[in-house]
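One chain follows as structure tokens, the form predicted alone.
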Amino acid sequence: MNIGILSIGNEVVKGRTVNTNASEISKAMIENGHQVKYIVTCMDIPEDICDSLRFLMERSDVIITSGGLGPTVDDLTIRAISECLNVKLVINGDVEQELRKRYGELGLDFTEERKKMAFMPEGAEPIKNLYGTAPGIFMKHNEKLIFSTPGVPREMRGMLAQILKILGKGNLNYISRDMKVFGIMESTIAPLEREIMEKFQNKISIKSHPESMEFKDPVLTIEFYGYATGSDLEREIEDAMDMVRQHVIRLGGRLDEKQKS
């Protein structure tokens, strides 16, 4: 399945909060055989949430949102999704009962702000929050699957296993290998990268990551990666790496292949 990830929050857009949630969700999806196509970030504004959701729904089978599920005035994700999809917002009786019980055990009133966390789009199912209060949601809409998780990393993380259980294992095997190259400029290796991708008909992607200055003692980590449904990709990646090895040695560079993933 193609996955689209939507991170929601003014603090993420402003850079106050580092978007670790998107990285963790993406990594979990890829490791379980799914392909992440897009990661989108938007502010806590219903119109922006809707625009982002529509963008992802046009391009993805599954959308996973993070952020905006809590009791405060800026937690607008669930209402925005309901309005965007023209689905009625309703109280989930089981969630309301659970929330009343939990706050009651603490001797706290069940305020409107706390009750807000029991509202969901009609037909949506709650995802249990193992480490917090606000539940996540799971819903189907026009053959798309939509999951919403909290923005608190620990709470989001606790829902990932539940989401992966619903999705099941994908059929893509993500393969990645790293090679560190010393003494060769990125601009020198670039034509070979293009040649390799053309030779393997873009089944293999190559990305060079400079770790120093281009003109002074250049160091590159070159990543070879791709998605496989068969058994040939690993061999082809090894062939591509061998082409780079020969090229680097011919140019007088050095290799370090201790790092592999």
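If you're wondering where the values come from, they're calculated on a predicted model, not measured in any experiment. All residue numbers are counted from 1 along the displayed sequence.
Quick note: we don't show the form predicted together with a further copy of the same chain, though the next part is all about it.
The three residues Met43, Asp51 and Glu211 all sit with a heavy atom within 4.5 Å of a further copy of the same chain in the model of the complex. In plain terms, the part of the chain that comes close to a further copy of the same chain in the model of the complex, with a heavy atom within 4.5 Å, is 96-104 out of 159-167, 80-88, 138-146, 96-104. Contact check for Arg250: no non-hydrogen atom falls within 4.5 Å of a further copy of the same chain in the model of the complex. For Met57, no non-hydrogen atom is located within 4.5 Å of a further copy of the same chain in the model of the complex, even though that partner is not displayed. Among heavy atoms of Val62, none comes within 4.5 Å of a further copy of the same chain in the model of the complex.
For Val18, a non-hydrogen atom is located within 4.5 Å of a further copy of the same chain in the model of the complex, even though that partner is not displayed. Residues of 180-211 that come within 4.5 Å of a further copy of the same chain in the model of the complex, judged by any heavy atom, are Met185, Glu186, Ser187, Thr188, Ala190, Pro191, Glu193, Arg194, Met197, Ile206, Lys207, Ser208, His209, Pro210, Glu211 in sequence order.
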